[in-house]
Ligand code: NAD
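Take a look at this single chain in structure tokens; it is the form predicted alone.
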Amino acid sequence: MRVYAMTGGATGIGAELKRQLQTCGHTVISVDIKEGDIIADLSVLEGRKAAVEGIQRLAPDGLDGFIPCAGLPPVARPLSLIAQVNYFAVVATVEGLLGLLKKKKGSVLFVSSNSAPMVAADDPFVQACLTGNEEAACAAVESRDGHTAYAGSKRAATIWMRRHAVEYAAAGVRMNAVAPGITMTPLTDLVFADPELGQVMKEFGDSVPVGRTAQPVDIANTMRFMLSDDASYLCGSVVFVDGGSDAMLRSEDF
């Protein structure tokens, strides 16, 4: 049986993926801000360090996979928190756990979003993230809006994955990203209740080509496959699991 570690395993997609992996007999080390094997605030350097050190302590022989699933929605405030958790915590934990992943030739599965392409790669906020300057990125995003903060953070994290996929593959570690569409989780409920974004989200949900929004199980099913040996040739890929929304919006881009 395998050993996985994940952030954001208490609710939503992360909780469902954890349940599926545990049902298959695997060990899952969960990091979360309120409930998990390791309690850590990933918005700050100390919390990221605690997460990495806690996983190292619980999995000294290595990891078969790591899923940085913790994330904040576009309604989170201040907007800098979105950058800190959705981008900088993801990169810090992936880099910090590389040694454990090398031991077992494990894989890393990022959680992107089908909204990520909606913010350009050359956007100043995205570029500030990619330079690794957390202070500058947080300052850049505070004058923007929640959608840009969320989608931009996911765009930056996905670009980081793509840029480093070859380097990590050479070390025996596959990296990929799943890009969900609207998925009904407690965080999504907050967005639907938001007076500014709620109606937009509802209309976007109503436009999903397959006729419904996703449940966590829809996303976790694909993630479980991407972590498995059946996906051993999948590397540097971004898999959209969004009921056809990305194809609808970007029919000529892939």
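Note that the structure is a prediction, hence the values are computed from the model and not measured. In this text, residue numbers run from 1 along the sequence as written.
In what follows, reference is made to the form predicted together with this ligand, a form of this protein that is not presented.
Name the stretch: of 202-210, 52-60, 65-73, 224-232, exactly one has residues whose heavy atoms fall within 4.5 Å of this ligand in the model of the complex. Correct option: 65-73.
Work out which of V108, A156, V111, A83 lies within 4.5 Å of this ligand in the model of the complex, going by heavy atoms. Looking at the other structure, the residue within range turns out to be V111.
Give a yes or no on whether every one of P117, S237 and R250 sits within 4.5 angstroms of this ligand in the model of the complex by heavy atom. Checking in the model of the complex: none of P117, S237 and R250 is within 4.5 Å of this ligand.
Please tell me whether any heavy atom belonging to L42 falls inside 4.5 Å of a heavy atom of this ligand, as the geometry stands in the model of the complex. Within the cut-off, so yes.
Residue contact check: A193 to this ligand in the model of the complex, 4.5 Å heavy atom: It does not: once this ligand is placed as it appears in the model of the complex, A193 has no heavy atom within 4.5 Å of it.
Report yes if any heavy atom of T11 sits within 4.5 Å of a heavy atom of this ligand in the model of the complex; otherwise report no. Yes, T11 lies within 4.5 Å of this ligand in the model of the complex.
Although the partner isn't part of this model, could you tell me whether T148 comes within 4.5 Å of this ligand in the model of the complex, counting any heavy atom of the residue? Because no heavy atom of T148 falls inside 4.5 Å of this ligand in the model of the complex, the answer is no.
Neighbours of this ligand in the model of the complex among 175-191 [non-hydrogen atom within 4.5 angstroms]: The stretch 175-191, when checked against this ligand in the model of the complex, contributes P180, G181, I182, T183, T185, P186, L187, T188 at the 4.5 Å heavy-atom cut-off.
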